[in-house]
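We give structure tokens for two forms of one protein chain below, kept apart as structure 1 and structure 2.
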Structure 1
């Protein structure tokens, strides 16, 4: 895939985003506010995800490991 069409595609996506969220109609300072808010939310969500998802995954992994492997010994304690 060549770089130019990729760039055009990204620009097009951005346009669609602007049209759907109506930021197309906003004044520059409103846009700034809107994007700041959106980006902050996005960053916060991804940071939260980054912090918690690995922990959850490893817990789940442990759980299934216990469930399949060492069932008699630890199943009860994991459920608790």
Structure 2
């Protein structure tokens, strides 16, 4: 893909984003607040998903293994 066409495509996406969110009607300081809020929320949701989704998947996997009869061994094994 050509660099110039990629530049125009990204500009087109940005214009579509402004049309969908109606941010083209905002003043510059309103746009700054709007974009800052949206980016902050996106970062916070991504970070939360990064932290908690693997834990929940692991817990669900262990739960279903337990339902199927596979017992999860303890970390400390008893020597006989």
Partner chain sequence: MERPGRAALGAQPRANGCGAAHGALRNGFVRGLPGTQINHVVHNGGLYKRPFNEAFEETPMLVAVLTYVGYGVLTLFGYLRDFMRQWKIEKCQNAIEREEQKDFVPLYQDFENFYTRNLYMRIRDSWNRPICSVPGAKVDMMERVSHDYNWTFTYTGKVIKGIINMGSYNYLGFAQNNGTCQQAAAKVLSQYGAGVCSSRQEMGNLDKHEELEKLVARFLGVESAMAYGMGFATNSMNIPALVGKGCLILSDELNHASLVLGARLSGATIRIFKHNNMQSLEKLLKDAIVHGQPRTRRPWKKILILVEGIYSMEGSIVRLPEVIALKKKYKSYLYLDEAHSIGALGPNGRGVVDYFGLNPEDVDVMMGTFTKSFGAAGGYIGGKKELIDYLRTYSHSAVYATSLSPPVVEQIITSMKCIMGEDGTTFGKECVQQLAENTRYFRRRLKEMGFIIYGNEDSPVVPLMLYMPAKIGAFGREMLKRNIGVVVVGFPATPIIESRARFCLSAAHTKEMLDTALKEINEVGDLLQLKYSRHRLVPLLDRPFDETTYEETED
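Numbering follows the first chain given and starts at 1. Here the rigid core means the biggest group of C-alpha atoms that line up within 1.5 Å when the two forms are laid on top of each other. Given the structure is predicted, the values throughout are model-derived calculations rather than measurements.
Decide which single structure shows the form predicted together with its partner chain, answering 1 or 2.
Of the two forms shown, it is structure 1 that corresponds to the form predicted together with its partner chain, while structure 2 does not.
Large Cα shift (2 Å or above) at residue 25 between the two structures, core-fitted:
The answer is no, as the C-alpha of residue 25 shifts between the two structures by less than 2 Å after core alignment.
I want to check residue 64: does it shift between the two structures by 2 Å or more at the Cα, with the core superposed?
Residue 64: C-alpha displaced by less than 2 Å between the two structures.
May I ask for the C-alpha shift of residue 12 between the two structures, in Å, based on superposition of the rigid core?
Core-aligned C-alpha shift comes out at 2.8 Å.
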